[in-house]
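For reference, the chain that follows is the form predicted alone, supplied as structure tokens.
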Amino acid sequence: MAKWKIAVIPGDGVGPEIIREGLKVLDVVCKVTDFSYEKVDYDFSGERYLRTKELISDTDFSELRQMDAIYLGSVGHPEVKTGILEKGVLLRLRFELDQYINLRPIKLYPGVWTPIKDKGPEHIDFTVVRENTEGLYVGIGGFFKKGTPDEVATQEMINTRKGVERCVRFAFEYAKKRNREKKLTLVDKSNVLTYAHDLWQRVFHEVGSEYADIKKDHAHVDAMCMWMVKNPEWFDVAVVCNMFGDIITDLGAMIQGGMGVAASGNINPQGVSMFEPIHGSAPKYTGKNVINPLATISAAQMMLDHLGEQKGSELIEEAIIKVLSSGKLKDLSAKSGVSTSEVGDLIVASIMESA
């Protein structure tokens, strides 16, 4: 029986409520399969910051590096200046733990409404591999003559050969493992960003020469946004830089039914990876037990898949599909009429029935 050590960061706003349901699902999966886990709680949140002015210490990182995975709820507090928690918690976790891949399945489940006319689950099922520790998010830049009419603000896009190559190679391997269309699309803006994305182009073709069985495709990011709406069935796996990946994965969330079902993994294939819903902390709904936790439960499913717990991962995804197909959830919004805890109970009941 495998025993995993999982760091749990409930975070802010609705984070503790949705993580509660995700853990409820993990607990029942433990009972019906042959894996177990130890939960280690960490209070990296806006409330703690307001109380102590502390975010994440070096000691915390020493402990986190000993974990098998991190399970995160949400980050963001209305009384904390924008950027403090995002940079001090989210980005620092990704950068310090070298989680250089952001993995975003964009999958429309049966029973979920999509705003795209005449498209169904058979059309919307692809994955975006986003570079996660370089680009504009490195934060290199600054101000000159700030607050004056002559102000200059700069933010540099950093792309290293090592960073681009390991992301592209991960994407090729993922397309091979996914074994669907075996097609990888490079998404860039090489017609304008002629230095940074020339590097992406060269690396993509050089690494791609090692993967003769993977079809290679290319799309400029603006065209990608159009085609994701018009022809989402064209895509299998897409690889993209940090900033553009941030944008197109939010578009992806909308075409798969909304933020309520979208999950992501921040992956270090050789280290500790972190799994989370992509939505924010939704402070106005805090404590109301109305936020749909399916994205957080989907993040748990991704976490088990990453840990090699295929049976548990499959049980969770099958339960999500059954519940969404049952008609018991009219929509995925906070106004669905089904509480946070009730959604968790529905998933648990479905797993128990299937086990």
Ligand code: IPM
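When you see a residue number, it is the position in the sequence shown, counting from 1. All values derive from a computational prediction rather than experimental measurement.
This next part talks about the form predicted in complex with this ligand, which is not shown.
- Among 246, 165, 198, 173, the residue placing a heavy atom within 4.5 Å of this ligand in the model of the complex is 246.
- In summary, among the residues 86, 181, 233, 217, the only one with a non-hydrogen atom within 4.5 Å of this ligand in the model of the complex is 86.
- Under a 4.5 angstroms non-hydrogen atom cutoff, this ligand in the model of the complex has residue 137 among its neighbouring residues.
- In the model of the complex, this ligand lies farther than 4.5 Å from every heavy atom of residue 107.
- A residue is said to contact a partner when one of its heavy atoms sits within 4.5 Å of a partner heavy atom; residue 91 meets this definition for this ligand in the model of the complex.
- Stretch-level contact analysis of 142-150, 114-122, 202-210, 129-137 against this ligand in the model of the complex, using heavy atoms and a 4.5 Å limit, identifies 129-137.
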